[in-house]
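Listed next as structure tokens is one chain, alone, in the form predicted alone.
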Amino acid sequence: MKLNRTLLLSVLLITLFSCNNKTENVAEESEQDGHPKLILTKKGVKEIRAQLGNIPIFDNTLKEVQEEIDAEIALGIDTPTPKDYSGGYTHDRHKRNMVVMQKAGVLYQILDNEKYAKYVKDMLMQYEGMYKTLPVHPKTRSYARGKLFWQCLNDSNWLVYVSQAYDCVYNYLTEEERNKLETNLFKPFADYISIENPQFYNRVHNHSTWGNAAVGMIGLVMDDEELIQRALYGIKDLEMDKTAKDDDGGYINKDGKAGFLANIEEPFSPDGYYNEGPYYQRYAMYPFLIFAEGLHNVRPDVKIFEYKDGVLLKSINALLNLSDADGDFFPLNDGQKGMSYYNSALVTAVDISYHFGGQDPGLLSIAKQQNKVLLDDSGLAVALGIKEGLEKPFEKKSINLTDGPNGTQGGVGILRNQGIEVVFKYAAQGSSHGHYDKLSYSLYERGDEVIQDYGLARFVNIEQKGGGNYLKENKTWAKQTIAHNTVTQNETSHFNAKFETGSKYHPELHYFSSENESVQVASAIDTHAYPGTEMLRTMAVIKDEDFEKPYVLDIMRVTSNKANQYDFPYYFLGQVLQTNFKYKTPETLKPLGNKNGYQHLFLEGSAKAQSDNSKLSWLNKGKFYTLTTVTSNADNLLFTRIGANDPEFNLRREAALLLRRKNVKNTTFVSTIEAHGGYSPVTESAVNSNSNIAHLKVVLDNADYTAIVITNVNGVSKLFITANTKQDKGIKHKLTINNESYEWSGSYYFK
């Protein structure tokens, strides 16, 4: 009997434990199943509600969003008949509606207030009523016209946001209401932007990334496996014209690749660099990451944050490094200046990266600057991290980011030292948003442009300027080589400005060195921009104790199989102070040329170089700068200004000093750019306004080495030698210059 009692007790304990365990499992399952599940989760909503009032940055964001949406609800719902381009009322209203619905859905979940769910439901029903009979948008400019908007891209934006709203109010709606919305709105909407517009959907491009995410996210909410597969892998068994192009001149589907996973594999390098450049990476990061978060929550089997060695999370670090000291993204390729990590897409990127990417405390410092978080699980994680004081500075150091799916198609090198930033671009074409600017660069000091990249020619979402779309000057000026700080040969752009040719080739990294804090160097070579011509450019940021600030040394070595004219511009920003050469200014301004961007440059002044060093000093935003460049008396120095043949004033009227060399086969352009001193309009005092470089001299230049002597005003000379061949770090070099012997290991020598 005693044994039986013991056995019975054991069975009862096991049964009780099993029941308790089963109850816990059921509770856990109930938190994971059902809605919301896409971005917000049931578990996340529970945790957020428990923390409300105790997480300042989240609470403040919630309050701002609630005030914003309450004001929208008071205004009533408007879903006007679409008719406008970007910036027009109907475009902006539908764009506003998608954001408002998403936010209202989130408020319903967090605050458990039915007025927000009713608002989303009522607006969705209005869209359901209109979409059934809605024709294609009347504006005809796009290669893939939408219905709510003039292009399918914006329709996809709408569905990405609205799918989140639908997920949040899913359980508020009746089954009949859900069937009505899914049958008449969501499924036809997803089919229209994909099956009915394969030229938009079935490609590798930021456009199709939005389309893939839109179809996939509504598929996740609706548990529609066919839509999810279509999102991940594209439209199956579809034959497309491999020569077709989009509005920007880029191939639509030359390689036959499509789907969300292909859009991760192809544009991103292993370092996370996005081939279209940071401006479009910022734009694409929202659908990349918001769909990835949905996949992680609903379809963890896809392991999306591990895909391609975790490149989506790596890409956020790369993107943040592609910004200046103020957080503005460098305008590589088509990029609007002033776009920064304060954009809402980067709030999403930072929060998701922190939550899913190992909780890097450096990201918290950026989130704190952004001063807002997502109202979801990832935003809660960031808010808690900030509350607990875990943030550390996000350190931007010199970095080399490779380009291409395998990291073998050039890249972008960023050299940073004490507020000086050189952005050296030796990347691939960059899809249809790429520019013809091999081995170009731009220069910044503490967030201010010193030597600029023009960026794009577009007034985004300003209807008066071409409907807010790309202007013709984007092709005739902004993409052309002469618009950039690199060499133009014979007044012809790289690859003759032909996308097909430019897409085949890319520069190669010669070497990148950032280990030495005092001397940081990036060097790359291009052999395809001009047939028979090789360009090798080496740029260094040098911190010398004899100089107030680090200065830039720039060496561009050009070798060709025939004589050419080479134009080398410096697009400086600011007011000219002084030159050491006399120039003439014309009475009448005329264009510098008639094509390839030259037609947009006025010639404002011209001179012959009068010494072996030509100097230009200028003042910009209270700081002094000096360009010193090695010249001969055969060189022409031309002051130019953008704005010729631009009757609608679509281009900014900015200046450049252009160094022109005629009828030479091989040549080397050598320059320094110093940042020095400053001017205060309050005290009216100028400090250290003169250059500290007395002389710049090329003492050796052959196939193997180029050596430059930099002499300051106190007579102290330093020698910089770069290896034009045999540049590997471990190689030992021995060289004699002017009876002096030099020995070193590595790519360069400086002493």
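These numbers were taken from a predicted model, which means no experiment stands behind them. Numbering starts at 1 and runs along the sequence shown.
The same protein also exists as the form predicted together with a further copy of the same chain; that form is not shown, yet it is the one meant from here on.
- Only one of Y143, Y505, Y583, F305 comes within 4.5 Å of a further copy of the same chain in the model of the complex through a heavy atom, and that residue is Y583.
- Exactly one listed residue, out of K236, K83, K590, K132, brings a non-hydrogen atom to within 4.5 Å of a further copy of the same chain in the model of the complex: K590.
- Interface residue remark: N690 is counted as part of the site for a further copy of the same chain in the model of the complex, having a heavy atom within 4.5 Å.
- a further copy of the same chain in the model of the complex is approached by D92, whose closest heavy atom lies within 4.5 angstroms of it.
- Residue contact check for Q464: one or more of its heavy atoms lie within 4.5 Å of a further copy of the same chain in the model of the complex.
- When contacts are judged by a 4.5 Å heavy atom cut-off, L700 does not count as touching a further copy of the same chain in the model of the complex.
- Using a 4.5 Å heavy atom cutoff, M339, F459 and N650 all lie near a further copy of the same chain in the model of the complex.
- Of the stretches 212 to 220, 356 to 364, 117 to 125, 330 to 338, only 330 to 338 has residues with a heavy atom within 4.5 Å of a further copy of the same chain in the model of the complex.
- In the model of the complex, a further copy of the same chain lies beyond 4.5 angstroms of every heavy atom of every residue of 54 to 89.
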